[in-house]
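To begin, one chain is listed below as structure tokens, in the form predicted alone.
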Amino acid sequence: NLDWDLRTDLPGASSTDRSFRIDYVNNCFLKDGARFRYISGSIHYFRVPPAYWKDRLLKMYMSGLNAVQIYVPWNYHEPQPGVYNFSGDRDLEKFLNLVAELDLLVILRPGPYICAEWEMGGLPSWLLTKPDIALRTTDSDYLQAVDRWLGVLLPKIKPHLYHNGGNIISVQVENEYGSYYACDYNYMRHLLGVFRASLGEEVVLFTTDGTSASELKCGTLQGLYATVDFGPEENVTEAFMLQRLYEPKGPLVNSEYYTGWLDYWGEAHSTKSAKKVANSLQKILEMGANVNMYMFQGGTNFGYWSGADYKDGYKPITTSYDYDAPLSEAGDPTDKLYIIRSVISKFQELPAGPMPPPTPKFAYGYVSVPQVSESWNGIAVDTSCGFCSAFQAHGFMLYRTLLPQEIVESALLSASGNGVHDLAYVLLNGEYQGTLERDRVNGINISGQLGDTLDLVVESMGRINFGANDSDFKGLIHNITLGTSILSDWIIYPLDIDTAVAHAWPPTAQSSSGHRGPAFYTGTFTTPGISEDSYLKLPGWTKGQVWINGFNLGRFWPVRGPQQTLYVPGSFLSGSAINTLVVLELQEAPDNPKVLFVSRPLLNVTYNYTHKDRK
């Protein structure tokens, strides 16, 4: 039964009862005893600078939303086992309080797995230090870590539940579990028990899965309200009919209605027609269903936080998480937002007043970055452990050995079994030789002398965040061979670049031009007394990472595309002091190393792979 009763009041409803629950008789939610339908949008506090949290939330409120949906990434808050961070840009409770100040409700999705196109789907990579761990199952090592984490997180959430005076109306348990191979009902039962024990019996707990029989079969569990997710391409009535197979009564809910889609390096920028998104949204609302738009604002995968998919090969996700969402990566209203707002206005009254304007943008122009340093001194930590399981969560590792024999004619240096995760920049006595790339370039030819130093700078491009392949170990995971010989006696150096850059590294070095191979370029610039948003373009550069004033903006890869600019929030800049820019170029820098600050993003340019790109 997909019919909707438009009455707002029900017999026996009490406005003094602060509660949020499911009415299985009238197929709706009840908020304070009255019929309630939420129109929500997803926003990720971990993809938006804290200085802009209020701006984004206010725009969501003025769009007519009455709720926001929020993921909590475990790995963002527990970077090391037992070490927790809920301060600064990780201040979840501050964000929840700000949402409440703007009179918005919250649908919380605390995982422990969240997907979200985020590094390892939000699971901390240190779980993989136990190489045989079975993630998202009743594996004892995994559950022990989960229980400890939830024992910290859920008590922070409890005071924010709606019936406790907060604004969280429902909480998701796990995430799209039906898409995972394990189908471990005991795991889901365990999580249900933990959530109930910590949050109580009154809170609405739910699951979210796609609209296929297999996904709903393995993702749902008695005691958890089953919801679905689908985009404008699907038939709305048929999609909700699948929800009804598992929830014959209760409210219709689309927990992820896709307003856009993610981007992969090397593929075109994804878009969804605003008209199609609006038309399907109207159908959802006409059926009386509850809906959360994913995403309403996407934001940015700063640093190393972007995840990856595995679809006929490894597919890393771009730094930009613009998502073609109603609010752009910079939080600006788009045409799609105004069309969606118009649809919402047909079903509920919009807040009075204008939509907040876009944040100001400024083209600061060219900035030279002439200083170059090729040294890893000061950032390489000697593990002295040979080819061992030296662990680093993100970024780069340096693998070093000596050539075991003279190679007069070039021999093939290769990673057996696709053993580079994910790129390895090869240097011989400091000279760049080429790049090995997972699922693309498995070998290059080199020649050298006995005892020459062979370095492989190995870059993680993000752990797989969806499906069965999220046990995604990084670094060199199989033997490296040179000709017919297996190379051994490796020394592994974790490279803590972010800490070094935050402490004014690299040191001043000589100017250079046209350099090939990994090197750091530094420069400074001032702004004309302002600190407005901008976009960083890297004309002539190949691939690497950028820091501004010690903050890691993320990866750039203009030769692969589609993303050509990095979003630079104005809150990261100083209008009164000198700003410092550090560029790590991994393959080949332009002859005249400089970057360009522009006032508009460029997210949709792809190129055919060139020889230079593949070396």
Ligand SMILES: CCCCNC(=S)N1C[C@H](O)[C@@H](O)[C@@H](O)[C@H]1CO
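Residue numbers run from 1 along the displayed sequence. Being a predicted model, the structure only gives us computed values, none of them experimental.
One more form of this protein, predicted together with the ligand, exists but is not displayed; see below.
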{"property": "Residue among 243, 254, 175, 300 with a heavy atom within 4.5 Å of the ligand in the model of the complex", "result": "175"}
{"property": "Selected contact from 480, 116, 293, 289, since only one has a non-hydrogen atom within 4.5 angstroms of the ligand in the model of the complex", "result": "116"}
{"property": "Proximity to the ligand in the model of the complex (heavy atom, within 4.5 Å), stretch among 190 to 198, 108 to 116, 136 to 144, 398 to 406", "result": "108 to 116"}
{"property": "Whether 366, 556 and 589 all lie within 4.5 angstroms of the ligand in the model of the complex by heavy atom", "result": "no"}
{"property": "4.5 angstroms heavy atom contact with the ligand in the model of the complex for residue 525", "result": "no"}
{"property": "Residue 86: touches the ligand in the model of the complex, heavy atom cutoff 4.5 angstroms", "result": "no"}
{"property": "The ligand contact at residue 466 in the model of the complex, heavy atom, 4.5 Å", "result": "yes"}
{"property": "4.5 Å heavy atom contact, residue 347 to the ligand in the model of the complex", "result": "no"}
{"property": "In the model of the complex, residues of 233 to 271 near the ligand [heavy atom within 4.5 Å]", "result": "256, 258, 261, 262, 264"}
